[in-house]
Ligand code: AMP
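Presented as structure tokens, the chain that follows is alone, the form predicted alone.
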């Protein structure tokens, strides 16, 4: 029987994980780099430390199950460390998490195994490589090969105004990291496909679409995400079933391949996809739940999360179900985010908030919640339709006050 569960991370994604675990009869230990008041309130034990330091995890060897939320601990092998200590871990090893922490590796896995989903791309190690690819594909996405907290990718026409800027950024990354990944710029409809994986089988979660640009009408710089929604039927009304099937086949083929080449992938996986006029393409893999997508899907999960986590880790997923509700999540962020966010500003939550509230990057200053400069608070509501969920969540926005900004058009026009 699972009685002690460890959760690594201190963002809204981890708050969503802890909130779901708190519905079960387990003791929660939360390991955080910064104190998230929402997580702390639901945890029996809280430890503040460097979550990327393997040496500090020996004190948790008596725990039955562990969830790792952020990407950085996965990339340094915290999953491996906990497994060696005898803890059951619902997250992939460092070698398998390479699908996220190396963009070049992910593209190569698909390419050398004939898995559909790659756009035209080139792993560039010299300036000549960059020039040759730009000669053929003038509009590109420029991707670092390392983790950058979601802020390293730059796209022609959005972040890079001309070829000179594109070349300069690509050359900078080659000098720093040894290589850069250039990809043909895709135009279409993005969607997020997540799955629980037990080494062989994938149980797909409800589809989610998020909104990455800072301002209404998809204007402004990219962010971690300003909000997201999912539909009551767990699909997307503007995506053909064939498109979704293609994305699922890409993910299944990837898991099958890495099982043979590296070992069984055990944990959640996130596929960011783009449906264009001609095909369905993989944008990237994350070897964890998304943020805010975790908030959407975990709020709908009817199966105990400990059963899901234990099932992934032990290669036998249980029967998993999600309630047939629509969800809408809206982020409130500091004024000026993400370019010049105000910091250390108080946030006040009035009585009467009906939506589910999740704290992200905030801290508690003697009982007052304050901003850090990154995303601050997420609100989520459920309904029989996206429209109903949207009305509910936006009716609560004015109950959260402070020097905050939010988009007013999350899921606007979606039935």
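Positions refer to the first chain, counted from 1. All figures in this text were calculated on a predicted structure; none of them were measured in a lab.
Not pictured, yet referred to below: the form predicted in complex with this ligand.
Using a 4.5 angstroms cut-off on non-hydrogen atoms, would residue 266 count as touching this ligand in the predicted complex?
Output for residue 266 is no: heavy atoms all beyond 4.5 Å of this ligand.
Taking this ligand as it sits in the predicted complex, is residue 184 near enough to touch it, meaning that at least one heavy atom pair lies within 4.5 angstroms?
Yes, residue 184 sits close enough to this ligand in the predicted complex that at least one of its heavy atoms falls within 4.5 Å.
May I ask you to state whether residue 171 is within 4.5 Å of this ligand in the predicted complex, using heavy atom distances?
No - in the predicted complex, heavy atoms of residue 171 and this ligand never come within 4.5 Å of each other.
Give a yes/no on whether residue 259 approaches this ligand to within 4.5 Å in the predicted complex, heavy atoms considered.
No, residue 259 sits far enough from this ligand in the predicted complex that none of its heavy atoms falls within 4.5 Å.
This ligand isn't shown here, but in the predicted complex which of 300, 155, 72, 214 has a heavy atom within 4.5 Å of it?
Spelling it out, the residue with a heavy atom inside the cut-off is 155.
This ligand isn't shown here, but in the predicted complex which of 167, 80, 108, 284 has a heavy atom within 4.5 Å of it?
Filtering the options by heavy-atom distance leaves 284.
Which single stretch, out of 139-147, 198-206, 316-324, 109-117, brings residue heavy atoms within 4.5 Å of this ligand in the predicted complex?
Of the options, only 139-147 has residues within 4.5 Å of the partner.
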